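Take a look at this one chain, the form predicted alone, written out in structure tokens.
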Amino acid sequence: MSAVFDARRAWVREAVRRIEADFQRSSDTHLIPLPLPGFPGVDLYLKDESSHPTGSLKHRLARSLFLHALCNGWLREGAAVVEASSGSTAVSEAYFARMLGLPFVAVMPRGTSPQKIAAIEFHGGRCHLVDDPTRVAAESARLADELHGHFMDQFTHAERATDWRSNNNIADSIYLQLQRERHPCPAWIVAGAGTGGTLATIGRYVAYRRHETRVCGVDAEVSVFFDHYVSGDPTLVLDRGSRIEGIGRPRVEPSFLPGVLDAMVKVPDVWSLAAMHSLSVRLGRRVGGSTGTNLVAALACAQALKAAGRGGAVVTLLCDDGQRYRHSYFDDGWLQANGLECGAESDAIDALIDTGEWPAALRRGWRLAGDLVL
């Protein structure tokens, strides 16, 4: 028996070494300034998480989840890893599973973009598609049991897998990169809610380091996180999933911690995609839909600073590369078929950035709560 335990410990040590070695080979992600002519004195920055090896913010999460599972003794040599994911987390987890020689299965809604499915398969993963987006977690648990593997369960473990007190997390990186800017301590950090893990890391870090920064969470149109933030009701559920891949959930997930937030914004999907298109033109490259959601909330934070007669920095996340959505969010036919044509709204976002003039339709459609009431 001792030899079996010794072999298992040796495998875990080697697995951790491989993941840490991969981290050492990777550089930090860039912090990109975006000029806001309509908001003088406010500096907006985009933390470009698309530059990770697997192309999204979820690379950080997947690395943390694998280290967390390894050190908890949940992963075994040769045993399958299963995850419930709409795409980006699964792409990143497939990368780490292949690194460790583990089979990987992603359980995801059938409507997930073909580009994300292809990316998962490129990294050696297998995709298990389900018709009902609200059933992905239950199906993942069932499949993991059937395969005698491990259900990674990002929606439960995301907030606890990252060491938010130490360095090398996304919040620490943001503050280090701002040290020589004119506003080294951001007034606001803005991030969308997918699992809630990134918001938990940022909010906890801000409190632990005693920064004056306020943290704003962002929710998609078809999601319960904003309503949970307002009501405190943990039983909220919807019968369908979010149309903005990577953020929004039909149920309140354990990793979403409303107590770490100072404000929340709920953005209509059409305005998320409008902001995505506007930002893609300004950057000269495509970004994903959740980045557009983040931008709308970041502009709301910029407006709050402007209204108060204050300057300051606002930081938000560029979550992933828009090339993954060329057959959906960047396809006119897809937008029309899904009632998400956003040409006029994109022009209105451009005008907002350049002049500070807020679209009346956006003000009517969004919802705000907490310290961010405009």
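Sequential numbering from 1, following the sequence displayed. Being a predicted model, the structure only gives us computed values, none of them experimental.
Keep in mind that the form predicted together with a small molecule is not shown, yet the notes after this line are about it.
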> Taking 4.5 angstroms as the cut-off for heavy atoms, does residue 57 touch the small molecule in the predicted complex?
Replying inline: yes
### Query
For residue 65, is any heavy atom within 4.5 Å of the small molecule in the predicted complex, or not?
no
I'd like to know if residue 245 sits close to the small molecule in the predicted complex, meaning any non-hydrogen atom pair within 4.5 angstroms. yes
Contact test in the predicted complex: residue 89 vs the small molecule, heavy atoms, 4.5 Å
yes
Per contact check vs the small molecule in the predicted complex (non-hydrogen atom within 4.5 angstroms), the hit among 141-149, 267-275, 230-238, 186-194 is 186-194
Is it true that 290, 319 and 325 each have at least one non-hydrogen atom within 4.5 Å of the small molecule in the predicted complex?
yes
